[in-house]
Ligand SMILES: Cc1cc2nc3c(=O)[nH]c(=O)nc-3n(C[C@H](O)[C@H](O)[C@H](O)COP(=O)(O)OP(=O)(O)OC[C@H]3O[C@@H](n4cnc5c(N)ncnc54)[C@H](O)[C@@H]3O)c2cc1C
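Only one chain is included here, represented as C-alpha cells and corresponding to the form predicted on its own.
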Amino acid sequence: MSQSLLDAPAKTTPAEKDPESVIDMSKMNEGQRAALELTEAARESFDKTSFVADLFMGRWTPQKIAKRLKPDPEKRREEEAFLGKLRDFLANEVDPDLIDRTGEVPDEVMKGLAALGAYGIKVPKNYGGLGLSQTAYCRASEILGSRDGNLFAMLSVHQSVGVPQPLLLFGTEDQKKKYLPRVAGGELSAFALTEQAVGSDPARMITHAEPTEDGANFILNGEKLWCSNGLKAGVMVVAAKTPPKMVKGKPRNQITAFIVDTSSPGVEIGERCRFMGLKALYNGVIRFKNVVVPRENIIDAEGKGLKIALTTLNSGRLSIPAACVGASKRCLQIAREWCTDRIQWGVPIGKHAAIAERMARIASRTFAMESMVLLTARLVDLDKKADIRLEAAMTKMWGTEKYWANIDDLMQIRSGRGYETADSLRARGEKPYPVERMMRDARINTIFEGSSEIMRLFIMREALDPHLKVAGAALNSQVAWSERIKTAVGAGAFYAKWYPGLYFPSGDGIPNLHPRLSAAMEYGSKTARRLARTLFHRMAVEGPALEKRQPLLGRLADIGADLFALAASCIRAQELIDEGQDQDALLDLVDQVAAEARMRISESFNAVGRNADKSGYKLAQDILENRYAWMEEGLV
C-alpha cells in the first residue's frame, strides 16, 4: 500500500483539474508525484455533497439517505420471483462443502445459474438480462453469501467489475449489443487490473498497449495477477498504459480500459492461484503477448481506464458487504440454534452472559450492516448518477470488518466444533455447521475490491477535499505568494463563519421518528460536529504532515462509519416499524447498535490524542533496519 494518503484510490474529476493548485508536491519524488497526478485526475466532482461527506464538515443530513422509492408492484414481483428461484436453487442444487473440497464449481451449477439469469441481474432486458435493480442485486448477493462464498465471488466479479457494469456505465451502443447478451447469458467475464508490482499504485503499471501505425488497433503486452474468473472468462476488461498525453507541456500517464476476448491470439491463461479460502475461485495469471485489440474495444476513451475502474467499484463493491450480510445472518442462525441446544452447567449456553454478549453483537452488527447496504443501494436505484463514493466505501469497510468480527464470535461460541470441518462433524453424526469454512472464506473480504486500509485513506482524502479547496493553495509552496495570501484571506473568512457553527445544532432531522430513535439521531448530530472539529484541529496541528498520519486518519474514518451505521439503522428501523414489524424488538436492536457505536466512537476519539502511533512507527522502521534481528534467532 502506498505511503501517501493522496495515493489512495478516488474517483474522477475532469482531467483538466490540476492537483498542484491545491496539493503541494514539491517534496514528493517522481514516483509519488506520478501516482498523485494519476489518481487525482481520476477523481470525480459532484455538485451536491452526500450524507457521509457532510459528516466530516459537521453537517448531519440523514434525510439524504432516507429517501424512499415509489413502489412498483410489477418490478417487485419480478425481483421476488427471481430471488425465490435463486434461494431454492442454492438450497437444493448446491453443495458448498463439495465445492470447497474439490475446488471446482460443477458445470450443472454454472448452467443452472445461467438459466436463472443470475449472470445478468442488472443487465437490461433488451440486452438479454433481467433488468433488476441495484437493491435486488444486493439482495441476491446476500442470498449467495449465506450459502457459498465461491459462487458469490464468481458472480460478483463477473457483474460488478467484469464486463457488464463498465459497459452499462460507459460502453457504446455497439459494445453493449455485442457483449452484454453474451455475459448476461452465462459467458463469464473478468477485470484484469492488478499486477505483480501494482496494487493500489496504478502509476507503476507495466502492461501497455501501443497503437498501430494506422491507429485502427492497439498491440497489448503485459501480465496481470490475481485475475478472478480469468481462468474461465470468455471476455475481460483489461487496464493498460497507453501513450501519455501532454498536460501543461508535461507528459502525463494514461491508463485505458479495453474489452479483450480471451480467445484472441496472444492471450495466455497462466497459473491458477490457490488461496486460504474460496477454494473454487478461478483466479490466476493472465499474459498478453502482442494481442491485437481493435480501437473500438476501448471503453469510454483513452486515458479513462482508472476512472472506469474506480467508478465501477462504487456500486459494485456494495455486493461484498451485501454477501457479508447473508453470511452474518447465517452466523446468527447457527449461534441461536447452538446456544439453545447446548447445555452447560444446567442451562443453555445462551443464558451465560459471556456467550449472550457475543450473540447480541452478531445481531446488532448484522442489522446495521444490512441497513447500510440497502439504503446505499436505494440511492443508486433513485439516481444512477448518485454520489455514493463514501457511502459505498464505508459500507464495504465497516461491513466486511464487522462480518469478520461476527464469524470470530461464532467460532468462539461453537468452540472446538467451530474449528472442526463440516465433513468431520458430519462423519461423527453431528450437525455439520460450516463455521470453519465460513471463517476461511471470510478473511478475503477486508482485502479485495479495496482493502480496509485503502478504504480509510480514500474516505479521508474525500473528507479533506473541502478543506483543500478552501485553503490548500495557501499551503502550497509551488503557488505564487500573491495567490497564497489571497487564498489565506478567503480561508480565514470561511473558517471564521464555519467553525463557530460546529458548536450549535444544524441540519434537518427525520420527521416522525420514534423518540428512542430520535435520541440516537441527536447523538449522531452532536458527534458529527465533534468529528468535524477534531479533523480541523488535527489539520491545524499537523499541517501538511497530516496525510502521513494514517492511523490517526483511520480513527476519524471509523467514527464516520459508526455514525453512518447508526443513522442507517435508525432510518431502517423506523421504516420497518411503519410496515408493521415488531416495534419493541426493533427499538431494542437499535439501542444495542447505538450502545456499541458509542463505545467505539468514544475509544476512537480518545485515541486521536492518546496513542502509540509515533513510537510504533519508529519501532517498525527499526525492525526494517534489522535492529531487532536478534528476536528472530532460534527459528527453524
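Treat the numbers as computed from the prediction; the structure is a model and nothing was measured. All residue numbers are counted from 1 along the displayed sequence.
Missing here is the form predicted together with this ligand; even so, the following discussion is about that form.
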item	value
Contact stretch among 405 to 413, 355 to 363, 510 to 518, 448 to 456 - heavy atom within 4.5 Å of this ligand in the predicted complex	448 to 456
One residue of 194, 262, 175, 476 in contact with this ligand, assessed in the predicted complex (non-hydrogen atom, 4.5 angstroms)	194
Listed residue (113, 502, 298, 444) with a non-hydrogen atom within 4.5 angstroms of this ligand in the predicted complex	444
Touches this ligand in the predicted complex: residue 525 (any heavy atom, 4.5 Å)	no
Proximity of residue 275 to this ligand in the predicted complex, heavy atoms at 4.5 Å	yes
4.5 Å heavy atom contact, residue 338 and this ligand in the predicted complex	no
Any non-hydrogen atom of residue 141 within 4.5 angstroms of this ligand in the predicted complex	no
Heavy atom within 4.5 Å of this ligand in the predicted complex - qualifying residues of 266 to 305	275, 281, 283
